[in-house]
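The chain below stands alone and is given as structure tokens, in the form predicted alone.
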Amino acid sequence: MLSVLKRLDDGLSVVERQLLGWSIVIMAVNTVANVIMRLGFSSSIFFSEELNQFLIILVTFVGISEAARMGRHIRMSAFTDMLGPQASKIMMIIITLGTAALLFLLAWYSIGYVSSLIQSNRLTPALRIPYYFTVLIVPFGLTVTGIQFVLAAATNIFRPGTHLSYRVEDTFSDADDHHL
């Protein structure tokens, strides 16, 4: 069962990295093309800003999942670094489960928001596509990130050491060795 989950997550990671990479490339090309159009022809690309807004949402909510998977999320570790290994591990379990719960709650609310956008039949101003298309990635990204934090908590419960994610062990071993 765990090998199936790992393969599924590995595949999801590949898709996420491709989405992130191509989104950033498209944003760069779109922005440069829009600047050239404005400076050279005194006219902007009519959909440029809208496309970049969508891509920023995509990069944000796909990126948080990849960051959580690789243990690269923002964390404030000054307090937990002062604790012993066992207390630090317990705090990591509490923090990852709390973070997962918050992400699942936000995903729930974002599903409600997407549903309200579907019912409103709003279209984006420039591209004239349904507005909910631009935010469909939000509940997905929040849910997948929540799952990453649940996996991190499970890894901390069932494996020795303190883990930032199910793939990454915290390498900060002893706070006493790192005085300023």
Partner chain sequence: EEWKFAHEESPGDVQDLYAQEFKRLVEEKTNGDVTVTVYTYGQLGTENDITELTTAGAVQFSNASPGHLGTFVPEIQVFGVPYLLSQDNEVNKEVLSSSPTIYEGLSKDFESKGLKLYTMYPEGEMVWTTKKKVTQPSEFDGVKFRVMTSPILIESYESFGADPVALPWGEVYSGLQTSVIDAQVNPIFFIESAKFYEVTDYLIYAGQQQYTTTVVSNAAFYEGLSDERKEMLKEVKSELDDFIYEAQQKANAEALDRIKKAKPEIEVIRLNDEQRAAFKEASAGIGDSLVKEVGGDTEEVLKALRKEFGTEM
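Numbering follows the first chain given and starts at 1. Since this is a predicted model, take the numbers as computed values, not measurements.
Omitted from view is the form predicted in complex with the partner chain, to which the following refers.
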4.5 Å heavy atom contact, residue 151 to the partner chain in the model of the complex: no
The partner chain contact at residue 140 in the model of the complex, heavy atom, 4.5 Å: no
Contact of residue 117 with the partner chain in the model of the complex (heavy atom, 4.5 Å): yes
Residue contact check: residue 46 to the partner chain in the model of the complex, 4.5 Å heavy atom: yes
Contact set, 106-134 vs the partner chain in the model of the complex - heavy atom within 4.5 angstroms: 113, 117, 120, 121, 122, 123, 125, 126, 128
